[in-house]
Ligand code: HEC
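Form predicted on its own, single chain, as structure tokens, below.
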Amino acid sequence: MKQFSLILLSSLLIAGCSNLDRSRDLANQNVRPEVTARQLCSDCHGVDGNSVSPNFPKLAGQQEEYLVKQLQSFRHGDRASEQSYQYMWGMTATLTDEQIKGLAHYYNQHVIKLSLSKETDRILLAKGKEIFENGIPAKQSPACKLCHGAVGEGMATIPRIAGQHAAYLVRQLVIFQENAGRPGTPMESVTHGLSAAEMDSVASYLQALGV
């Protein structure tokens, strides 16, 4: 009887692993993108791409071309920040280009949800809006909207930044400024002269910016 129970348990485990609607096998190209997103990516980014923790970016409503480019960069090890290799290198190692395109399309189709903070200072938001719309000429930092769009919606390989977690945006700005793990992008020169307070203000404004 005990042997029969072990055989039955093994059969159920095998069946669960082969269930394409519940699979966590990243190397199986037959698993649909929405299944991969739900079974694996949702642990950090949320089922619909609206992550709860600011440690992980919101992917909902993000530009497809941008997501494709970033997932490929993770897969190739081009994004080398601590968070990149800690969370994303292994997750993307076996993904094909078609799987990546499918995931990018899945997240693009969802609507981003704003994470508003009642404690956000109105003066802070006003300063952030000023930087977003006009930049900081004295520091030769151009307006964010010139590349990211009038309302932060992004375009093609330029990411949507409206509605993103402020803490995540600040972390990325620091990475760009320090040229740590994201070399060779225009953002290094854009962020070169920004102070911590300026980064915080523009990130807070963007977090509250809905499209």
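Everything numeric here is computed off the predicted structure, so don't read it as measured data. One rule holds for the numbers: they count along the sequence shown, beginning at 1.
Same protein, other form: the form predicted together with heme C, not shown, and the subject of what follows.
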With the partner left out here, check for me: in the model of the complex, does some heavy atom of L114 sit within 4.5 Å of heme C? no
Looking in the model of the complex, any heavy atom of M91 within 4.5 Å of heme C? yes
State yes or no: in the model of the complex, is some non-hydrogen atom of S81 no more than 4.5 angstroms from a non-hydrogen atom of heme C? yes
Interface membership of T185, heme C in the model of the complex, 4.5 Å heavy atom rule: yes
Answer yes or no: in the model of the complex, does heme C come within 4.5 Å of a heavy atom in every one of V47, V151 and L209? no
Under the 4.5 Å heavy atom criterion, name the residues of 137-176 that approach heme C in the model of the complex, in sequence order. P142, A143, C144, C147, H148, T157, I158, P159, I161, Q164, Y168, L169, R171, Q172, L173, F176
